[in-house]
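First, one chain by itself in structure tokens, the form predicted alone.
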Amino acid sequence: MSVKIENLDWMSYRELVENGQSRILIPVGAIEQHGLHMSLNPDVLIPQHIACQVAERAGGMLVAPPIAYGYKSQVKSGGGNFFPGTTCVSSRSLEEYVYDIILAFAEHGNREFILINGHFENSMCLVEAADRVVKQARLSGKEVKVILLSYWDFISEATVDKVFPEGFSGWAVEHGGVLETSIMLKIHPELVDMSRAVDIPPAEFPPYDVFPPDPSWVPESGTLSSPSKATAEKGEWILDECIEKIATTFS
């Protein structure tokens, strides 16, 4: 039987969730440029892939359709909102949407949720949504638990050293770089064209933000570091570790 909720008929779904016996995994991402070499949806496809693999491995889990629109791309982590295709929502919109979705799932009998985040900027919006959901559910006599994780937090220093043998510039400038490109080469190679990858040094930013944001801070390619050394093998190393650790942690 499929672990994807949208592939189930309603009676099969009801049997799997009505007593709260299934944990619901909700991938949350963003539609955001990732350079000239890659599609707009890595932040959606990566957490969705991880969620499905974790659910199949751990058991007792179902995967909800991903939330594709995320919080505003920021200059120093996602290149900002200057690029056509980057389609973001406000923090209030994302928070309310996640809040409503979890409460709707709770009405079906579900009581435990795992939000798998694939877009750095989403984090605090998801924290606020989770906090409100737990409090609201309790007022209705339901005890709900929400777990929030970002998949990159499960990558060990040993794997980082393996993926970046020449040195790691930090997660903040990995937007469209080796990490995401390697994973996409593994799971969706048809959405990556390495012949269009732009080899640039890691972006450098001042220790402050400016509003309105300044487009001149962002490399023209949209990536914040070079994806040129990305490989599907590196993507496999990253995914294997993330999936194994998440599945083991929540089995």
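Numbers follow the displayed sequence, beginning with 1. Keep in mind that this is a model prediction, so the values were computed, not measured.
Beyond what is shown, the protein has a form predicted together with another copy of the chain; the following relates to that form.
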### Task
For the three residues 68, 108 and 146, verify that every one has a non-hydrogen atom within 4.5 Å of another copy of the chain in the predicted bound form; reply yes or no.
yes
### Summary
Residue within 4.5 Å of another copy of the chain in the predicted bound form by heavy atom, from 200, 40, 52, 194, is 40
### Query
Looking at the partner-bound form in the predicted bound form, is residue 3 within 4.5 Å of another copy of the chain by any heavy atom?
no
### Query
Hey, in the predicted bound form, is residue 104 touching another copy of the chain, heavy atoms inside 4.5 Å?
yes
### Query
Within a 4.5 Å heavy atom cut-off, is residue 160 in contact with another copy of the chain in the predicted bound form?
no
### Query
Does at least one non-hydrogen atom of residue 169 fall within 4.5 angstroms of another copy of the chain in the predicted bound form?
no
### Residues from 198-218 in contact with another copy of the chain (non-hydrogen atom within 4.5 Å) in the predicted bound form
207, 208, 209, 210, 211, 212
